[in-house]
Structures are given as structure tokens and as C-alpha cells.
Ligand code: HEM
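One chain comes next, on its own, written as C-alpha cells: the form predicted alone.
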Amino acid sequence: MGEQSQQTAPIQYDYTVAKMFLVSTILFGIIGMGIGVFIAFELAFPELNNLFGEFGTFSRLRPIHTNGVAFGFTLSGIFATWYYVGQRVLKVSMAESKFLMTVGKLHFWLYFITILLAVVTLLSGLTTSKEYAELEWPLDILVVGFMVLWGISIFGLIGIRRERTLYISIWYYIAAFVAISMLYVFNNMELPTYFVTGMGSIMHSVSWYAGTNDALVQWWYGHNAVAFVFTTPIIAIIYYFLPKESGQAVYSYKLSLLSFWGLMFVYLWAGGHHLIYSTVPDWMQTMGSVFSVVLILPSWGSAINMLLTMKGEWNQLQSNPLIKFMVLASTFYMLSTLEGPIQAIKSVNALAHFTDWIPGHVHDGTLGWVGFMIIAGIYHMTPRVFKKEIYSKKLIEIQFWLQTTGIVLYFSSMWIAGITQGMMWRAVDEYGNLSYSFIDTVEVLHPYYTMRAIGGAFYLVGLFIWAYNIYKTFKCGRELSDKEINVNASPMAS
């Protein structure tokens, strides 16, 4: 790894910006997933929709949940790890460039303000109604602004680096920046109606695309929001933190590069599987299905490479809870990237589409893969950025088992609910009439919805434990010496 190259004097890394994003990761994680748990209970107990009037309905809160988790919690975690990992593998400190330090701080504040405005506008009902792209045009401009600042930070640090070789994590961070920026701009091309008609709200806009074209661009973006927010930067995180925490070199650097280029080529063309049996041309639907199945290869290439990194060192699972988080995250990644392509097969999609099997698939990926890796990365960073011992190893263990239980409850209940839905919707009697009404399926699914909400609550309690452990580390953790900070495994009190 680049960090292991010889230096005449140790570099004093500046984690000011990393700390800022570390805090926002925890904050937006609790907000986004807290709302997610509440709306899960709303689905199980609809009367909860009446608690806060229009501001507490499922339809008003759901976009805040999805945006809060995807662009609040996840992007914060990605940015936090970038400002930590980038310096260390490039062998350069942010403090060495006043310009890059200013860019980093501006990046944080513009991002933070944008996410807060997103919460306010979505809660007020201001939305474009496009999945993962609900923000109205003024906020879209702010999103592009902070993404440009991130790009300046990435290429600025690369430009002044001391380490000639770009470690594989940097490749994945670059891919995330390029793809998110490009896709976000193209999908959010919209026309503010007030400036054309002189009427209505200045916040309102309409898409530049219409009908089938709008659907195509939306899911070219929508599925790749999953690819380049929930996948490539999370792979960047694990390729750094798993070797550092375990003391093991990445099993195969060649496999990491092969998987990288496979993901880059294949992922971009898989979005059509969201539009199977729609007005999109049939060949595009088929292409989406085929590329989705092919996607198993580079996805599993990355996951297997991560797991084989632990070859001969599986005993660390007993002693190091962060290794537990990362190994199980890789396992959930394998599960999710097999399940998604299966759902993209046309005959399977005919049963699965619009059912709860779909959010079941989404959440074993986001909670197990994305959530666990960001949690583990933040735990690894904490003693090094604050120079204090992790407050409690026991709390990390409790958090791990609590959240793992929550994930299993969540996706298993949604698998059962989704397949039950699909079977009931398709069932017909001897006369060809539907055997069940829609309300019949709703009544059957109630216990599974309740189980899903309880599973989400378990995961949320784990987030509060995480926040408490980090806070106590900062406030009263034992001061660490430079020698203790530089060991592989994260220093933590029992």
C-alpha cells in the first residue's frame, strides 16, 4: 500500500475536514434511519400517519428517509473517509495546501447546508417526484457545487501527492465522483416554470425529458446512484480499512483492478431492469436484464477479494469487532449482488416487481453492506483522528449483534412479504378471475410489516450506541501515544 512507502519524517495529517464529515455521518444517519423506522411503523399501523398532519404522512416523509440515508448518511461517510484515506495513501497532508484546506471546509459547509435545505423543502412538499432526484432546481445547483468542490479536492491532493502509485481505493473514489456528477446533471436537467410562464412557485420545475425518455434517463441515473453511491465508494472504503485493520495485504491487486473495470463497464447499462414490461423498447429491457446478470462477476470478484484478504486470519473475527463488521458487510454485498440480478430476470421480475421483495433487496445492501462499512470505517478513523482509545469494545460488540439481528428481521420479513404479494396478485380462480382483492394482501402482510419495523428499530438503536461510543471516546477516551495510534487494529477499551 502507498502508506507503507518510506518517509524521512512522519507526515502530520490534518483531519479537520474528516472530523466535520464524521460528525455529519452520525447525525444524518440517525435522522435518515430514524425517519425510516417511523414510516415503517406507519405502514404496519396506518393510524400513525395522522400524528403530525400532512408533515407526518408516509408520502411526505419517505423522500426525506431515502435522501437522508443516500445523500446524508452515505455521502457524509464517503466524504469523511476520503479526507482521511486520501491523505494517507497519497502521503500528503491537507495542511500543506491552504487552498485545498479551504476547498475542503467549503465543501463541507455547502454540503451540510444543502442537506438541511433538502430536509426543509421535502418536508414542505417541494419535490420533483423523481426517485432519488426529488430536490428542486435551486438545490440541484448546490449539489453540483459541492460535487465540483469534492472533485477539486480529489485531483488537488493527487496533484501534490508524494506517493506515485495510486492505490486502488483512489480509483474507486474517482469513479464515484465522475459518475455521480455526470449522472446527476443529466437526470436533473429541468426548466423552472416561473421564469417561462411568470406564474406559480419559483421553486417549481418540469423535466426537460418526457414520457419514456424521462423514464430511461431517470433509471439510467437511479440505478447508477446505487452503483456509484452505494457500491464503488464503499468498495474504496473496504479496500483501505480491511487491510489496515487486519494487518493483511489485499489478496489480489489484479483482481481488484479487473473487478473495477468490470463494474465501470457493466453497471452503467443495467438500469433498464427497472423498466421491464414498460413502454421502453424491449431490446433495452433485455439489455438491462443481461447486463444485470453479468454484473454478478465483477461484484463477486470484489467481495471474494475482500474475504480472501482474511485468509489464514479468521481468528481475528473472535477478537476484533470491526473485522466482524467488515467481513459481514462483504457477505451482505455478495448476497445483495446475487439477489438483484436474479430479480432482473424477466420471469422473476414478473413476480417481484412492485412487491416488498424489492425493498428487502435494497435494505440488505444498504444496511448490511453500506451501513456496516461506514460504521467500521468511522470506528477505525476515530482513535486516529482524535488520538484517543475507543471508549468501549463491548458496546461495539452489542451494536454489531443488535444491528445484525435487525437486518435479518428486515430482509427476511420483506422476502416473505414480497413473494406472498406476488403470488397473491397473480392467483386466479377456475374462471380466470383474481382470487384475492388488494386488501386481502394488505391484511396478510401486516405481521411482516411489523417485523420489518422492529428490525429497523434494532438497527436504529445500534446507531445510537455508535454515536454514544464515538462521543464518549472524544470526551473521555484514554489519550493514545503515536506508537499506539500507528498499530493496525483500532485501540479500544474493553
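Residue positions are given as counts along the sequence shown, with the first one as 1. What you see is a predicted model; the values in this text were computed from it and never measured.
Below, we turn to the form predicted together with the ligand, even though it does not appear here.
Asker: Counting only non-hydrogen atoms, which stretch in 336-344, 384-392, 78-86, 240-248 is within 4.5 Å of the ligand in the predicted bound form?
Answerer: Of the stretches listed, the one contacting the partner is 336-344.
Asker: Taking any heavy atom pair closer than or equal to 4.5 Å as contact, tell me whether residue 69 reaches the ligand in the predicted bound form.
Answerer: Yes, contact at 4.5 Å.
Asker: Residue-level question: is residue 259 within 4.5 Å of the ligand in the predicted bound form, judged on heavy atoms?
Answerer: No, residue 259 stays farther than 4.5 Å from the ligand in the predicted bound form.
Asker: Under a 4.5 Å heavy atom criterion, is residue 465 part of the interface with the ligand in the predicted bound form?
Answerer: Residue 465 lies outside the contact set for the ligand.
Asker: Just checking whether residue 330 would be counted as a contact of the ligand in the predicted bound form - the rule being heavy atoms within 4.5 angstroms.
Answerer: Answer no; every heavy atom of residue 330 is more than 4.5 Å from the ligand in the predicted bound form.
Asker: The ligand isn't shown here, but in the predicted bound form which of 353, 204, 105, 91 has a heavy atom within 4.5 Å of it?
Answerer: Of the listed residues, the single hit is 353.
Asker: Within 4.5 Å of the ligand in the predicted bound form, heavy atoms considered, which of 111, 379, 167, 219?
Answerer: Answer to the contact question: 219.
Asker: Determine the residues of 13-40 with a heavy atom within 4.5 Å of the ligand in the predicted bound form and present them in sequence order; the list may be empty.
Answerer: Contacting residues: 33, 36, 37, 39, 40.
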